[in-house]
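Just the one chain here, the form predicted on its own, laid out as structure tokens.
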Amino acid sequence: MKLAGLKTAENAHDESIWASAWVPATDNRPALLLTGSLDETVRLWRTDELSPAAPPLGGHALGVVSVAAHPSGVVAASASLDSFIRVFDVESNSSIATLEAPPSEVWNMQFEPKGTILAVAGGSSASVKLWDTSSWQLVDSLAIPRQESSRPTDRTGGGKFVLSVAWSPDGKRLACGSMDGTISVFDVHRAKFLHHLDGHFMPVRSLVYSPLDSRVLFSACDDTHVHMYDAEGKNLVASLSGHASWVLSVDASPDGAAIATGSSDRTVRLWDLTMRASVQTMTSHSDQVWSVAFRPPGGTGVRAGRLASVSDDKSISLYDYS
């Protein structure tokens, strides 16, 4: 497996780009890349040439920290430091809903695989908020319980700041990563906390399940490590090292054979999961890499895999994955 650099769009936004996600293909168009920036805008890009697919999308009063696309490819959402989530129609950019949260309670978000729920990392509320996508009403809040800790630095116990969320591919489990390094796993249908996954002691910025196995979870952490967990058995399967600084993002390839990571060491790495090792390092960015995202399968004429990365250097890089 390997990555080959295809194209880099310099100055794709006016400020740092912190978020990216692929909008799945529909019957009418191929997949699009969605990016969000501290310049308060969201932008859509054509999949191979990285040319704008629409004018910049506004609507936020502060920087955009997360973007997510509904599995139908018709709807997308952007979350901002202004504590609002804007849900919009991808084709027309018309606003569908505006979801409001208290300050510091909107971070990473992800649609459930069937698209019925939008899960949002709740920041200082120490919870994950679940929004129904038919009514756009808040239907549940999954609170993270206190954890027994012998760490002298953990004086508050329950004072978790939730940064990241990930759905299992079967939609039954939801994992969330916190500022203190803990990962919490929930049974969504029963709205029940199951257990914590240990091993990190610094912020867990990004999580992703294997697309092939709802037991396998990957985490990206400020401790420079990527962890591979058996999320059901509560076991740390592997700790992958190679980055020289914070690991800010992780995503799994659609074939389940690899993961990609972005780091504040300015690199993107490709990891072979059979070898459990980094097999390639890409250096197309000149500042920290906030997000990496593999293009989902589907769409007419799509043969090659694609990976996108975005950075504080205001650029987007696109890679061929094979």
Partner chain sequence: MHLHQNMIAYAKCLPWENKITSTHIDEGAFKASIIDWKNRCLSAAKNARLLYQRALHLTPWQSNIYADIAITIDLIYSLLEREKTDHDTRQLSERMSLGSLMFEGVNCDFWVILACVTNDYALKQHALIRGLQLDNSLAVSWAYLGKLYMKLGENHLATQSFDRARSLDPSLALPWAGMSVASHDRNYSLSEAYESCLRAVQIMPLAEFQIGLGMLAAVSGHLLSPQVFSAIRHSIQRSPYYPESHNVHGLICEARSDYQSAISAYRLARSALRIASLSKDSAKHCLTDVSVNLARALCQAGLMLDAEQECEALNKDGMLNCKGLQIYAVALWKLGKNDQSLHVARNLAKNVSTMEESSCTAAIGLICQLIYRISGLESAISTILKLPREYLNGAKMSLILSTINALDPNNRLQLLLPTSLSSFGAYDLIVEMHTITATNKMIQNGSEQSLDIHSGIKYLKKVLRLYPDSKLLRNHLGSLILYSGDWLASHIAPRCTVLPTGYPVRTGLKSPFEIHGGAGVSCYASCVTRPKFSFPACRCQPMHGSTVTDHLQKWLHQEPWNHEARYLLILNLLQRAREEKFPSHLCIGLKRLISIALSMINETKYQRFLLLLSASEISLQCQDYSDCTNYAATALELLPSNDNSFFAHLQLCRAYAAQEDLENLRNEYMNCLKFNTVNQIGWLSLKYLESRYKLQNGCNTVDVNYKMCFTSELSSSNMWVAVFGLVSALCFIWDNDFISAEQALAHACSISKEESCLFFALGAVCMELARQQMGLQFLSRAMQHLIKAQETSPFPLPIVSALLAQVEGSLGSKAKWERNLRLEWFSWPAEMRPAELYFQMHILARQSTAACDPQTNIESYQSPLRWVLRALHLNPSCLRYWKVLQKLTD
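Residue numbers count along the first chain shown, from 1. Everything quoted here is computed from the prediction, not taken from an experiment.
As for the form predicted in complex with its partner chain, it is not shown, yet the points below apply to it.
Of the residues 222, 112, 232, 213, just one reaches its partner chain in the predicted bound form with a heavy atom at 4.5 Å or closer; this is 222.
Between the options 133, 93, 83, 182, the residue in contact with its partner chain in the predicted bound form by a heavy atom within 4.5 angstroms is 83. Contact with its partner chain, judged by heavy atoms within 4.5 Å in the predicted bound form, is confined among 99-107, 192-200, 113-121, 68-76 to 99-107. Site residues 62, 161 and 246 are all in contact with its partner chain in the predicted bound form, judged by any heavy atom within 4.5 Å.
Contact annotation for residue 129: none of its heavy atoms lies within 4.5 Å of its partner chain in the predicted bound form. Residue contact with its partner chain in the predicted bound form: residue 22 places no heavy atom within 4.5 Å of it. Its partner chain is not shown here, but in the predicted bound form it comes within 4.5 Å of a heavy atom of residue 38.
Contact annotation: residue 290 falls within 4.5 Å of its partner chain in the predicted bound form, judged by heavy atom distances. The partner is not shown here, but in the predicted bound form the stretch 1-27 reaches within 4.5 angstroms of its partner chain through a heavy atom at 15, 16, 18.
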